[in-house]
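Only one chain comes next, encoded as structure tokens, the form predicted alone.
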């Protein structure tokens, strides 16, 4: 496959859900201060992941919208709702962990473990059925991500279940793993996962400043996080870059604990390193910071002005950015940033 239609990302902040949708919408995710207000919203005809996560700043609701630029078809498989074009698939799954039947060892594993295992098994079954086998980018939203239950932090429970599901489905747990993020959603909300997959295998990118997450030492949990630092899908002018959730980590250690300004700067240095590596290995040129769209997760809303000032200084005021209040996978991290860029479009 030599060509992939260019993917497009848009953040819709006002009245977007009631408008007439353009051709080729794959799906999206909606973030809101008061997610219960969305219950009355109509079905737009494509999957929309409902994430219980407050938007910071002026916008009351943000819809993250993905388009493929060509006709799409919709379907469901297990708990997954999806839409796909000829080459790209967008899917979402939302599971109340207490409503999921146990899939293995119910006495030993938590409800979150069971929900995660079920979600990922359904995701891989969907990819096989739809003929889009390559998982490219995954967003995981886990309620109470830092809470310890069953003798283990819930993020580590999630990592164990994800890795066990990968193994059970014949997938790699290191190297050939998708770009991903895992953030803490509101207490009591469902486990929400949405993802992009393709018929084309992505180029997977690691950060030379960091230990690959799938090689983290055992101090970070019994099972390592199974994700790549970035992924590039497509070639030439249609190539798209997905940067995973990125934080103030050098090697495998958190840097600048207690200093959100220094953590934001370190995070941006890591993103610059990923841009250079992606440019060297897959894109053919290095995208500038201001050519990306960003999603920024801030643990303490009081840090928003500090984090936003650092980001604006680095990327200017024109690049699309949304800020969300979220717990981050490590309790000593104040901020996490993910990004998307495409050679087909520059934002600034």
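Positions refer to the first chain, counted from 1. A quick note: this is a predicted structure, and the numbers were derived from the prediction, not measured.
We do not show the form predicted together with ligand 3EB, though everything after this point is about it.
**Student:** Within 4.5 Å of ligand 3EB in the model of the complex - does that hold for a heavy atom of every one of 181, 227 and 336?
**Tutor:** Affirmative, all three are within 4.5 Å.
**Student:** Heavy atoms within 4.5 Å of ligand 3EB in the model of the complex: which stretch in 124 to 132, 200 to 208, 181 to 189, 257 to 265 meets that?
**Tutor:** Only one stretch qualifies here: 181 to 189.
**Student:** Any chance residue 141 has a heavy atom within 4.5 Å of ligand 3EB in the model of the complex?
**Tutor:** Residue-level check for residue 141: no, no contact with ligand 3EB.
**Student:** Hey, in the model of the complex, does residue 242 get a heavy atom within 4.5 angstroms of ligand 3EB?
**Tutor:** No, residue 242 sits far enough from ligand 3EB in the model of the complex that none of its heavy atoms falls within 4.5 Å.
**Student:** Please tell me whether any heavy atom belonging to residue 155 falls inside 4.5 Å of a heavy atom of ligand 3EB, as the geometry stands in the model of the complex.
**Tutor:** Yes, residue 155 is a contact residue.
**Student:** Given that the partner is absent here, does residue 329 sit within 4.5 Å of ligand 3EB in the model of the complex, heavy atoms only?
**Tutor:** Close contact exists here: in the model of the complex, residue 329 approaches ligand 3EB to within 4.5 Å, heavy atoms only.
**Student:** Looking at 249, 271, 100, 117, which has any heavy atom no more than 4.5 Å from ligand 3EB in the model of the complex?
**Tutor:** Result of the distance check: 249.
**Student:** For the stretch 263 to 280, return the residues whose heavy atoms include at least one within 4.5 Å of ligand 3EB in the model of the complex, in the order they occur.
**Tutor:** Contacts from 263 to 280: none.
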